[in-house]
Ligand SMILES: Cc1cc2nc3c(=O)[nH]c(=O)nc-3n(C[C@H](O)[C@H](O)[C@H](O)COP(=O)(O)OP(=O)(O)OC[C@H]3O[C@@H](n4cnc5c(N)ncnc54)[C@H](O)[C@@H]3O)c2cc1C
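Here you get one chain, nothing else, as structure tokens; it is the form predicted alone.
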Amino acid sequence: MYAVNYHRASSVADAAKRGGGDAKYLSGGMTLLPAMKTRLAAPSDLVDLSRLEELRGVRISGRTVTIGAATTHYEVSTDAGLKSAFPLLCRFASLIGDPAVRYKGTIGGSIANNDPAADYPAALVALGATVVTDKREIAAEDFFTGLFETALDDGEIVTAVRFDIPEKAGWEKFRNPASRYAIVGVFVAKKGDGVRVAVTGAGDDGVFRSKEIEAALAKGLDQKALDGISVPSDGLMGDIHASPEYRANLIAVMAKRAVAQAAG
């Protein structure tokens, strides 16, 4: 590590004043701190958002869910209101990483860093969610712009995410046995405007929607509609864990499991 100035923000407004330039916002630190250790990131200042109560909590109004950016994965997984209204998201959050990651990692940090193996980008894109910042609102599909890249401007702070609970939804991922992060994860959501399918852990450019699977499910959530589905390997990642071709096959397999879960 190296010398860095640490600031504990007292409010979102205070954090905004300290941000920008070479400063980075710190929430759970699950992506940022390892990047700093390997010198992939070298901020001059860290502005800690993790203790801001205005950024914490789950709020449900009708069928609309709003989750504060500093809400941890553990808090999402155990929220009583969410367990009643949308239990799939509680299960989803309970499968992120390991207990240490779930107790410290936050939804805002997860999406702001846009790690290609992160789970939340797939959920937000499939749900047609909105990312709320201290300056504006951004559709999730427009928010994630590439590997570790987002539409956030310098100094802009994610304050919450908002989405409507879908009619049906399913989530399955093939986990790295060590980290529990997604080698491939597929989130399927059925809403009034049709079925949306988002994939994480596989794309060279991060999270993406699978047009092939969405087309096959256009008439509804029928697992049989995915029999023989072929997902192209072009644009998929290849690494020590899985080749692009293997990931393409995993996308089809995880999608079938997610559809079965949603339909059931």
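Remember, predicted model here, so these are calculated numbers, not experimental data. The first residue of the sequence shown is number 1, and the count goes up from there.
The discussion below concerns the form predicted together with the ligand, not included here.
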* Just one of A189, V186, V125, A118 has a heavy atom within 4.5 angstroms of the ligand in the predicted bound form, so which one? -> A118
* **Contact residue in the predicted bound form, chosen from L147, I165, I138, V101 - any heavy atom within 4.5 Å of the ligand** => V101
* Asked: Check M30, L152 and E156: does every one of them have a heavy atom within 4.5 Å of the ligand in the predicted bound form?
  -> yes
* Can you check whether A112 is within 4.5 Å of the ligand in the predicted bound form, heavy atom basis? -> yes
* Is G170 close to the ligand in the predicted bound form, meaning a heavy atom pair under 4.5 Å apart or at it? -> no
* To do: Give a yes/no on whether L49 approaches the ligand to within 4.5 Å in the predicted bound form, heavy atoms considered.
  => yes
* Find out whether any non-hydrogen atom of K24 is located within 4.5 angstroms of the ligand in the predicted bound form, and reply yes or no. => yes
* Any residue of 122 to 145 that, in the predicted bound form, places a heavy atom within 4.5 Å of the ligand -> none
